[in-house]
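Taking the form predicted on its own, here's one chain by itself in structure tokens.
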């Protein structure tokens, strides 16, 4: 499967075209504009079908394949304040954002070129829900939560219910699986609606050949479904079958990667062919601290922690490997990172630090991915030792005990310095430990 990320605007457009076929009993008011400048937005407001831009209060945000837009202060909206966001406000804000480079908390840097503008949806936190679907090995997995928004990732294990769905499941068994696993903390009078929507959401995901599809948050107000934020990847091997259904889809280059290094490009190519997520950005090829982080949310946490404790100039890279990568994919990713970190000495003559971190995995077999890392360590052991590399590991999840034992034993056999920690250690404590010991 070749996963290709698409813009939020395009994913919502597919929803809109197929809504009546797949989502019986629910309403979805599709009003969305994709623009590249304030002037284009003002012009679009005069076109047929976009009158709402002048009539409603608005929300504007970049549409460039990166998340955490709220955390990065890249969402324009106002709640219960005088002077709600108008068409003119949105146009001015877009031009301000596109006029200079933007640096995300992750360290990614680039120009904002595409923006999505939509009506503002007034709602309360208890109307927010979460739903997503992806493929893991030979199963589809549906994720559901009675809570939506930025807090979902922070409490994933406690807040999100996972349902494994066999490929080719019939409609009766599908609804039974979802009903048996629906989150218990959903308000009772909303439970049937949520079950019905999630059932239809999965059918839509499957039939439209999505590789990943996430709504967060989904705002459910009676039978009206408001899709506030959406992330989507298509299986582009199905493109010849789905051209009519998908419409005029583009596959943009992710933000900050318009000019990628050969290593970044190689990882991006591997990501496009994988059901997992493989991301790499080289921030400073001479940097002292290199990371291999499992999980998109964890990657942000580690980058922020390293920048706070050591200074952003010491952070060499940003990226993630997540979503159940194979042993071979993890080995390739590790080889790429190890090759980059052993090319140059630290300008101040200090030892290199390698952080192999992550949260507690949900479905990734940690032992399988660590087998790939160990294979890469065996290949690069001498180069890593030549740079005085000290390795700090923190991980949890399926088979994590075996993974930690394996990597510790392998590192000692290879003569590499390593410290290994499990989920009892706070997710970022290894950064503090590494920096204290490296003084």
Partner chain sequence: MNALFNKDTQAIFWNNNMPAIQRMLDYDFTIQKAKPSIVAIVAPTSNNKFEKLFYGGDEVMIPVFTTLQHARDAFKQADVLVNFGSFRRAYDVSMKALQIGGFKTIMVTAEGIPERLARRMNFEARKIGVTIIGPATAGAITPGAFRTGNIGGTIDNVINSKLTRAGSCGLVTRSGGLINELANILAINADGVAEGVAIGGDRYVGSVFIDHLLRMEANPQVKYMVLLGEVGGVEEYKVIEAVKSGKIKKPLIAWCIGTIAKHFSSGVQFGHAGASANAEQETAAAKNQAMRAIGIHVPNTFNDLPLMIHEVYTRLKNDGSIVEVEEMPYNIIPETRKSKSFICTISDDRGEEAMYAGYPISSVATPDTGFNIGDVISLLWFKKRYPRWATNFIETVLKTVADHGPAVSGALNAKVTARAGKSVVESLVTGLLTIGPRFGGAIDGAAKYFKYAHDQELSPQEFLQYMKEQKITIPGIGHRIKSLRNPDKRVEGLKQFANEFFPQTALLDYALEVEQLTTSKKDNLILNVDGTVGILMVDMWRSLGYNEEEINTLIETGVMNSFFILGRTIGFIGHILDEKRLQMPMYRHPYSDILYDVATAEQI
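Numbering follows the first chain given and starts at 1. The shown structure was predicted, so the numbers you read here are calculated from the model rather than taken from an experiment. Between two forms, the rigid core is the largest collection of C-alphas that superpose within 1.5 Å.
Heads up, the form predicted in complex with the partner chain isn't pictured, but that's what we're talking about next.
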query: Partner-contacting position among 266, 238, 74, 310 - heavy atom within 4.5 Å of the partner chain in the predicted complex; finding: 238
query: Option touching the partner chain, based on a heavy atom within 4.5 Å in the predicted complex, out of 274, 305, 342, 121; finding: 305
query: Stretch in contact, per heavy atom within 4.5 angstroms of the partner chain in the predicted complex, of 411-419, 20-28, 5-13, 424-432; finding: 424-432
query: Residue contact check: residue 290 to the partner chain in the predicted complex, 4.5 Å heavy atom; finding: no
query: Distance check, residue 363 to the partner chain in the predicted complex, heavy atom within 4.5 Å; finding: yes
query: 4.5 angstroms heavy atom contact with the partner chain in the predicted complex for residue 301; finding: yes
query: Contact label in the predicted complex: residue 359 to the partner chain, heavy atom within 4.5 Å; finding: yes
query: Sequence-ordered list of residues in 119-153 near the partner chain in the predicted complex, where near means a heavy atom within 4.5 Å; finding: 135, 137, 138, 139, 140
query: Yes/no, residue 217 Cα shift of 2 Å or more between this form and the one not shown with rigid core fixed; finding: no
query: Core superposition between this form and the one not shown, C-alpha change of residue 19 at least 2 Å; finding: no
query: Residue 36 C-alpha shift between this form and the one not shown of 2 Å or more, rigid core reference; finding: no
query: Direction of Cα pair change residue 167-residue 278 in the predicted complex, magnitude 3 angstroms or more; finding: farther
